[in-house]
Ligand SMILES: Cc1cc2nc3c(=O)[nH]c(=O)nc-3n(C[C@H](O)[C@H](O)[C@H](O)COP(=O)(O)OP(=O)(O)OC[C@H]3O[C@@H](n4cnc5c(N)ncnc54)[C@H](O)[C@@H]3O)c2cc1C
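Quick setup: one chain, the form predicted alone, written in structure tokens, and binding and motion questions come after.
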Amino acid sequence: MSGETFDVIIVGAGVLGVATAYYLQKNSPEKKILLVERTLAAGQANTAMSAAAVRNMFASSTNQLLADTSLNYFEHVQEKLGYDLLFEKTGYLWLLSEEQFNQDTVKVWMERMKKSKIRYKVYKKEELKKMIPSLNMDFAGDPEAELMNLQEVSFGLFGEDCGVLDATRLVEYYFEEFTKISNVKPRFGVEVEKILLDADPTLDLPGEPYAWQKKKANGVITDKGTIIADVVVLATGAWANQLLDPIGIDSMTKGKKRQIFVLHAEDKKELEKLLDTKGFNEIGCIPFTILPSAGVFFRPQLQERGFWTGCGDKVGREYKYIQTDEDMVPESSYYENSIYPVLSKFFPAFQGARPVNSWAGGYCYSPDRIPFVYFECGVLVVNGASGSGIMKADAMARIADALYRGEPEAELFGGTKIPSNTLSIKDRDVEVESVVL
């Protein structure tokens, strides 16, 4: 395939890549758009390794808009278009200590959600105890809890429009819609090794481009040959630096490893009862729950009758230049030593629970925890979702499409418009996000 030419080549077929491919092709049907992916199917890398939980409960109004419009679109796809994403509004429940609840950052968070009409509810300690009897809310006299710096639960902050979905089905939806309208067959098992950067215009001199010349990407070099394209869309998440660093473009992002551990409830009556907690949602299950200590969380998995648990640790877990799949191998010791002790203290029903499965993926973090979508030297970068790429995918893809077409504004689902350079580096005007897992 060496030397083939396209209008656009999209590198990465995770949720951001396939959603961007769909909107670019939909709004520019005359363009030849090639989607390439190093794995053998769409959505099999970091998208498949996520917790696949979605929320609009952010502190930044920008993140609120990106996530809320995306979630509304996912609901539209499932309810109106009839494409089952297994989108279940389990809700999100932040369990907070009194100290945490009274922090200024939490007050600002709630004020901004109220202003943006993000629906949430505050539960007090007594209400939580009635709804979740198995929740341990008293660590008085427990030296182990004190040693672990565990904070007692005093409040619950609940978002009723949040929930979980099937990441694979979401990717399949966008991929199917893209392939219906595209006249170019996507290519899998293709490893992009380098972005081609040439002088613009070229003078056909040896060693170009020189420092004094303008530069522009004009394709990629892969393990199967060279592909020429007018625009290169980079949607590779935690692997972005591998392609941007060699051509001198600073992605402004860092990768970090995240791990998920699967626990089944069917053999433990206490876990079955916790899973089927009533009162928070119409489904009759425990919400996606974030504990007040150590960043530990769990999500209900109703199809498997169990839980997925992980940890949004911050200091202590290195930022990593992710190079190979081996960098993403899950660590059983991480569950045993970091997650399980906290999980079983707050919810004794988890005592003795051991993972039946696990996986790890790479998150791509931006400095302010707001995504990046920007054009530079012919490269359209879509990354920096900071662990929330699934829940912002639709909005980010629409913004990328508007940038590609040179539109000053992008129209998000529901009709809300946002400047197409909002998520750029140079014209960025966003609040720092403080609510990150």
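A residue's number is simply how far along the shown sequence it sits, counting from 1. The structure presented is a predicted model; accordingly, all values stated were derived computationally and were not measured.
Another form, the form predicted together with the ligand, is not on view; read the next lines as being about it.
Trainee: Give a yes or no on whether each residue among Q100, G156 and G295 has a heavy atom within 4.5 Å of the ligand in the predicted complex.
Mentor: Checking in the predicted complex: none of Q100, G156 and G295 is within 4.5 Å of the ligand.
Trainee: Does the ligand get within 4.5 angstroms of any non-hydrogen atom of G219 in the predicted complex?
Mentor: Judged by the heavy-atom cut-off of 4.5 Å, G219 is well away from the ligand in the predicted complex.
Trainee: Is there a heavy atom of T39 no more than 4.5 Å from a heavy atom of the ligand in the predicted complex?
Mentor: Residue-level check for T39: yes, a contact with the ligand.
Trainee: Is there a heavy atom of M49 no more than 4.5 Å from a heavy atom of the ligand in the predicted complex?
Mentor: Taking the distances in the predicted complex, the answer for M49 is yes, it comes within 4.5 Å of the ligand.
Trainee: Would Y363 show up as a contact with the ligand in the predicted complex if we use heavy atoms at 4.5 Å?
Mentor: Yes, Y363 lies within 4.5 Å of the ligand in the predicted complex.
Trainee: Among 256 to 264, 272 to 280, 142 to 150, 208 to 216, mark the stretch whose residues have heavy atoms within 4.5 Å of the ligand in the predicted complex.
Mentor: Selected range: 256 to 264.
Trainee: Tell me, out of Y335, W94, W239, F178, which residue has a non-hydrogen atom within 4.5 angstroms of the ligand in the predicted complex.
Mentor: Exactly one residue meets the criterion: W239.
Trainee: Tell me, out of L380, A397, A410, M391, which residue has a non-hydrogen atom within 4.5 angstroms of the ligand in the predicted complex.
Mentor: In short, M391.
Trainee: With the partner left out here, which residues of 176 to 195 have a non-hydrogen atom within 4.5 Å of the ligand in the predicted complex?
Mentor: If the 4.5 Å heavy-atom criterion is applied to the ligand in the predicted complex, 176 to 195 yields V190, E191, V192.
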